[in-house]
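First comes one chain, alone, set out as structure tokens in the form predicted on its own.
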Amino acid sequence: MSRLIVTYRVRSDAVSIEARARDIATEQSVEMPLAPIDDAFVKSEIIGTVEGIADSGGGAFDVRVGLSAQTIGGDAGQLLNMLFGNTSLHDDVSLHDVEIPAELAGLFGGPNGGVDALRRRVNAQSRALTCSALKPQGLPPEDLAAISGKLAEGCIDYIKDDHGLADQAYSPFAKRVRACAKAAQNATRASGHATRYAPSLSGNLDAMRLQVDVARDAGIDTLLIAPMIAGWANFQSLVRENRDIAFMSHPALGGAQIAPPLLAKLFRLLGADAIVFPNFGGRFGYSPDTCRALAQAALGDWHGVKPALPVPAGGMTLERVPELLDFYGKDVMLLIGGSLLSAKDRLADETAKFTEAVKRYSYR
């Protein structure tokens, strides 16, 4: 099997960067001095190699390190370990990109359904999709269900749990999911528009498996998960065990020493059908260039892996819909949460304005 080419962005000076690059390659592969290693296989295949160094400006360099794909073994947790490893403990290094060889991409497989499956679920083949979130945490299931019903009444495509909703005493998972699913399904029958509700998975793998069963029994085929919190190996298992379910990934904990576009690429590799991320101009500091790169990482041709749908979020408003569709085009799911929820009694009407604005938009 060939090698992963991992790019680390390193703060350094020009005099020191070559030695620093060699140290990173060693630390990310064998984590020991090279002199005592005399095994031919380890020396030829396992020890990391410096594949290139480029000055990225501002006292930073992009160091490309080759790591053996055999060290991954097809395990998502081990992929995370090899990419981050001990180097993640150094504050002068961040994970910037990785080139995944085709055979390793094939082992992981990517999304079960991808963009096309998400479109089929809501009968929308030629336009952007719409989404909102159930907030705030702390509400009882019946109040969250009322919000779910109003959003579905406004013909939203997807309703996701806020990622803070888990299995708390004030809103137990099973009770909340059944209530919110029923409210969305009732509104769907009344309006004729297919709205999908995606509850948030949490806890250990056994707990999440039980939650999947609860969701499936409630007629749910779309789920939200935060892979960095749930664990990459757990996420990988859930995707492989539930081929008929679509998974939306949440970026919580994803800002620590990793380039955002790479996170989108890796979540897609592990099986995310839709990738939520902070949009530019919202509550977070992502730039338009970063968001464009995120969308490209989710959607671009890549070793036959199905594309995932980018889901820009975080402080979005109805007024920005044309701007965002100009920017992203039709292959996007726009997520407006707090701005819609601020409408309170007018939530269904404001949601309808949002969904109609997306339907009326003329794509270039």
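Every value quoted in this text rests on a predicted model; they were computed, and no experiment measured them. Counting begins at 1, following the sequence as shown.
The same protein also exists as the form predicted in complex with another copy of the chain; that form is not shown, yet it is the one meant from here on.
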query	finding
Another copy of the chain contact in the predicted bound form: Arg127, any heavy atom under 4.5 Å	no
Exercise: Arg189 in contact with another copy of the chain in the predicted bound form, heavy atom 4.5 Å	no
Partner contact for Thr290 in the predicted bound form: another copy of the chain, 4.5 angstroms, heavy atom	no
Another copy of the chain contact at Ala259 in the predicted bound form, heavy atom, 4.5 Å	no
Interface segment, criterion being heavy atoms within 4.5 Å of another copy of the chain in the predicted bound form, picked from 88-96, 216-224, 118-126, 149-157	88-96
Non-hydrogen atom within 4.5 angstroms of another copy of the chain in the predicted bound form for each of Glu27, Thr71 and Arg283	yes
Sole residue of Ala233, Ala174, Val212, Ala194 within 4.5 Å of another copy of the chain in the predicted bound form, by heavy atom	Ala233
Sequence-ordered residues of 180-208 touching another copy of the chain in the predicted bound form, heavy atom within 4.5 Å	Ser202, Gly203, Asn204, Leu205, Asp206
